[in-house]
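Have a look below at one chain only, the form predicted alone, in structure tokens format.
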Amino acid sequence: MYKIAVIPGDGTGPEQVREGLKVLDAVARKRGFRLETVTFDYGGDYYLRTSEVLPAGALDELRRFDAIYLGAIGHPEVRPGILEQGILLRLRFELDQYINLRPVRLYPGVETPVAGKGPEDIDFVVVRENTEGLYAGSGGFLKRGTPDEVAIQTSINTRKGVERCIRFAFEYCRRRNKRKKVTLCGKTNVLTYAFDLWERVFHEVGAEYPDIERDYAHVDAICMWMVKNPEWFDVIVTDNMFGDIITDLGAMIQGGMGIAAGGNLNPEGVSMFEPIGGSAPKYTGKNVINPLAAICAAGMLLEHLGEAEAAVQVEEAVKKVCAYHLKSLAAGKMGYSTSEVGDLVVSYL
């Protein structure tokens, strides 16, 4: 029995989560385990109704679950930043979800904008530090609103935070057991303090993993090579800001936001899994949004819970749907409705 907190969120989030839960229920019955879900209506409508982003005690309640399954956050009537900081960043920081895990895999039948590359070339993972860096919110204004205004935002990098992220990357690379290479993505020629720490820790920790090759590239070179030679990569580890940027590039080369899923992990606590794309409010209620990213996030959730075979079966079902059925991953162009795509995945399970 696993207890799952479900936050469907805003826009098309509930439609995507509905299909993910449909798949989770099917694979749980097939594999012989049970899922108990509790739904929380946090998001834009909750904020507009109550004037609070999260109620008192919400975090303590969420800590009692085995995992969190999130739809999408973003409401057209709520100023940008309120929900993102009040829900996404707060959950990541206060639940200490210090790893953002982003698989970048091109599935058969999915079109990539990278010419001449196929599923055998695009298969790597980005491990992003998730609770420090520029996102820690350290900084402020001086003389705000005047011609002499100064804005400062500081990147916070602790030895503890950097080391646990890098160690996770090496451990994950060993479990993945593919190219057996970890690449540090940084900017040592400009960000000389922060990435001096990252590089030193990278090699100190990496020395404990003699079976894994170590590699380094500047973030601008990573962006170039992800397009030119994605087959070079196995596991990329990086800080919060660079990870945020290169994972969106990764989503594009794997076919778009409709297939991109991610996990916010606390290996010692409660973790959260979500589709990478936004709430897409213009498609709300039309039953045309692609649910595969949410279904892939559900597969990641299963892997994290230790249900590895169930996770593999979900991914294999998604691959078959992509290969044999969908005309496109874009909303309204799949050739199937949102619910029909979920049914197709269940049929392959």
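One rule holds for the numbers: they count along the sequence shown, beginning at 1. What you are looking at is a predicted structure, and each value in this text was computed from that prediction instead of being measured.
We do not show the form predicted in complex with 3-isopropylmalic acid, though everything after this point is about it.
Asker: Determine which one of 193-201, 168-176, 154-162, 85-93 lies within 4.5 Å of 3-isopropylmalic acid in the predicted complex, judging by heavy atom distances; exactly one does.
Answerer: Stretch 85-93 is the one.
Asker: Exactly one of 102, 187, 75, 105 has a non-hydrogen atom within 4.5 Å of 3-isopropylmalic acid in the predicted complex; which residue is it?
Answerer: The option sitting close enough to the partner is 102.
Asker: If we define contact as a non-hydrogen atom of the residue within 4.5 angstroms of the partner, is residue 121 a contact of 3-isopropylmalic acid in the predicted complex?
Answerer: Result no; residue 121 lies far from 3-isopropylmalic acid in the predicted complex.
Asker: Looking at the partner-bound form in the predicted complex, is residue 135 within 4.5 Å of 3-isopropylmalic acid by any heavy atom?
Answerer: Flag for residue 135 set to yes.
Asker: Can residue 231 be called a contact residue for 3-isopropylmalic acid in the predicted complex at 4.5 Å between heavy atoms?
Answerer: No, residue 231 sits far enough from 3-isopropylmalic acid in the predicted complex that none of its heavy atoms falls within 4.5 Å.
Asker: Is residue 244 close enough to 3-isopropylmalic acid in the predicted complex to count, meaning some heavy atom within 4.5 Å?
Answerer: Answer yes; at least one heavy atom of residue 244 falls within 4.5 Å of 3-isopropylmalic acid in the predicted complex.
Asker: May I ask you to list the residues of 152-182 that have any heavy atom within 4.5 angstroms of 3-isopropylmalic acid in the predicted complex, in sequence order?
Answerer: The stretch does not touch the partner at all.
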